[in-house]
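Just the one chain here, laid out as C-alpha cells, in the form predicted alone.
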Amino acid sequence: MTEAGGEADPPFSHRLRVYWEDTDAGGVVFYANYLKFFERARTEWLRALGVGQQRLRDDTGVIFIVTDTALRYLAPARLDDELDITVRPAEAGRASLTLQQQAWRHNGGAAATLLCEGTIRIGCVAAGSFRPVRFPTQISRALSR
C-alpha cells in the first residue's frame, strides 16, 4: 500500500477537554501535551477501526512506535477548552504510516479554531526486538477502508 485515506475522506475526530494538569504557568496548554492529545486520538482512531493495541500485541507480537514528529503551533488552548483532535492517514508503507493530525478548539456553534497541526510517522515493530515488521493483515485491511 502506498497511500492511506484520501483528501476527500473526513478525518477521524476525538473530542477531549483541557484540564488544569495540561496547562503551564501561563495558563495555556503546555506545548508537549499536544503530542499526548495526538496519541490519544490515534489510539481511539485505531479502536474505531477495530484494532485494540494490547490485543494486537498479544495476537501478533507487534507494536507501534513514533519515529518522527513535526508540530506547528498556531494558537493557544486554555483550561476547560473542548478540543477536537483529528487523525488523517497520509501515506502508508509496509511498516510505517504517516498521519496528519490537528487540534481544533471546539467553539460551540461558531467556527472551530485551528490550534496545532502536525505530521506524525509511526512504525510497526516486533515488540521484543523493535525490528521493523510489515503491518499485520488486519491493519492493512483497516487502512484500506
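Worth saying up front: this structure is predicted, and the values here are computed from it rather than measured. In case it trips you up, residue 1 is the first one in the sequence shown, and so on.
Note that the form predicted together with another copy of the chain isn't included here; everything after this is about it.
Although the partner is absent from this view, residue 95 stays clear of another copy of the chain in the model of the complex, with no non-hydrogen atom inside 4.5 angstroms. Contact check for residue 111: every heavy atom lies farther than 4.5 Å from another copy of the chain in the model of the complex. Using a 4.5 angstroms limit between non-hydrogen atoms, residue 50 is distant from another copy of the chain in the model of the complex. Contact annotation: residue 9 falls outside 4.5 Å of another copy of the chain in the model of the complex, judged by heavy atom distances. Within 4.5 Å of another copy of the chain in the model of the complex, a heavy atom is found for none of 59, 141 and 143.
Residues in 86-105 all lack a heavy atom within 4.5 Å of another copy of the chain in the model of the complex.
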